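Given next, in structure tokens, is a single chain: the form predicted on its own.
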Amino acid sequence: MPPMNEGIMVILSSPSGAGKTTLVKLLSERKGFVTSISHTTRIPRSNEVDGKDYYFVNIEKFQKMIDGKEFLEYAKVFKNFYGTTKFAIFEELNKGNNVIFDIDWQGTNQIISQKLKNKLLTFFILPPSREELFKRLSNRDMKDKLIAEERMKQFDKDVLHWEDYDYVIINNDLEVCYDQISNYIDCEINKKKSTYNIDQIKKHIKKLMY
């Protein structure tokens, strides 16, 4: 356990379209978590702002950062790179601020494997159904049906990594999902027993993988 004055790290991961980015924003706004802003080589969506949603860089710049060992974690997702820089994260943790990450399972495994001194909690967010996930993907800034179908194929691979996480949460209702995550974080910090039901999650996984 880190000293009491050091912050904790909370990771939210999910298959594309399950809602983790919205949940990260809520946790930042309501619980005062500092959001880790990743670097990425992908093109910004119409509603995204450089330096707020991501730091958008070209592949050459990203590769230089890899070579300079600047990343705490990085991964290639859908032909683009994403990465979290070390300096900004440790600076916030040392100030006593809690940091929340919006990263995929690859980045999560990299951070877990480093066995950092700060407390780490990991959450994997799932959609209520395959049908709802496809609907969400189709309504995003990607009207192309082929892109949505590509995300669905990736979903079948991503969901297999749920066992790597401390908690798996079903995002059927945003507020309910947020309350669950917030409660589990509070239980961990205060060393209280939670109501987490792993059997319910296992049943839901089977339903999603039909």
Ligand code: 5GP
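Residue positions are given as counts along the sequence shown, with the first one as 1. The structure presented is a predicted model; accordingly, all values stated were derived computationally and were not measured.
There is another form of this protein, the form predicted together with the ligand, and it is not shown here; the text below is about that form.
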Quiz item: Within 4.5 Å of the ligand in the predicted complex: all of K20, Y54 and G83, by heavy atom?
Solution: yes
Exercise. Mind telling me which stretch in 73-81, 90-98, 127-135, 114-122 gets its heavy atoms within 4.5 Å of the ligand in the predicted complex?
Key: 73-81
Quiz prompt | in the predicted complex, the one of R30, K157, R45, K69 near the ligand [non-hydrogen atom within 4.5 angstroms] | solution = R45
Exercise. Could you work out which of N171, T41, S38, Q180 is the residue within 4.5 angstroms of the ligand in the predicted complex, going by heavy atoms?
Key: S38
Quiz item: Going by the ligand in the predicted complex, which residues of 93-115 come within 4.5 Å of it through any heavy atom?
Solution: D102, I103, D104, G107
